[in-house]
Every structure is written in C-alpha cells, then in structure tokens.
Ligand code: HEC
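The chain below stands alone and is given in structure tokens; this is the form predicted alone.
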C-alpha cells in the first residue's frame, strides 16, 4: 500500500493535484476567517466615530451593560430622542424617521457575539472599571463597529490574570471555569 502511494505521488500530475487541493483548503479556511471578522450589514449605517466625536458615551446607547449581562442595542426611540432635534439631511436619519413612523424596531445585527458556551456579563466588568475599549477596540475611531479578532479564551484569561495580580482569592475566582462557562 505504501509503495503504491509513493509511486502515485511521484507522478507530476498527482503532485499538481495535491498542491491545488492544499491551496483550495487553505484558501477556503483563510476566506472563512476573513469573513468572520467583517462587520455585518446594519439596517441603518451607524457612524460610531461621529457619535463619539459629539460626546455620546457608550453607556448612553448600550444601557444594558450597567444592569445585566448584555449591553443591548439602542431602540429607535432612544435614537430618536436626540435625532428628532436634528434636521434630516442624511439617508440614515430618514431611515430612523421611517422606523419611528412605522413603529417597527430597528433590526440591529449584533457585532460582538460570543459562542453559546461562553457566558459573558458586562456588569462586573463595568463595576471593575474595565473600559469598553479594552474589549471592543477603539470604537470612537470606527465608522462601523468591528468584531475584534483577538477575543478568545486565552485573551480573556490573560486579562483576568493581570487583573488579579497580588490577590489570590480574586485570581481563583477569575480563573474558575464556571466564571464564564455556566
């Protein structure tokens, strides 16, 4: 069996076929990783940098981060509280006005999604004075919120280890698997 495989691999056409196969697999994997890091299309083109520029704080729109596990996405009414005072000059503003007029919620698409086996709670991070930028990147310089490619278990554990330096009880609690996997 091994001799047949070696004889087969000595044929130039088989080497080319194997090389093409490997390139296709690697290309497909690379494309999958790239695509998973692209921000999803949103129903309204929301410019985070413009809102940060005028002083809107993250927690004004994402109030759930103060009180519970998810930061939440702003309702049309939350957006309209400010935008009803601004002349409608851009397509996104008109789309917002249309959502308000129809009474339909804005179907925002979440960007920072964790796997089902991870339970992330914003509240203890806010209480520990972890800034939003620590996990979400510099959203104030993003036109569209982008997934952060380095968010993984090792990255979280590194942060938990750093946060608990010198406090063995905190370290034990922050590195317990049940802290994030329950």
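Numbering follows the first chain given and starts at 1. Nothing here was measured: the structure is a model prediction, and the numbers come from that model.
The following text describes the form predicted in complex with heme C, which does not appear among the structures shown.
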item	value
Partner proximity in the model of the complex: residue 85 to heme C, non-hydrogen atom cutoff 4.5 Å	no
Residue 111: touches heme C in the model of the complex, heavy atom cutoff 4.5 angstroms	yes
4.5 angstroms heavy atom contact with heme C in the model of the complex for residue 124	yes
4.5 Å heavy atom contact, residue 105 and heme C in the model of the complex	no
Contacts with heme C in the model of the complex, stretch 70-87 (heavy atom within 4.5 Å)	70, 71, 72, 73, 74, 78, 79, 82, 83, 86
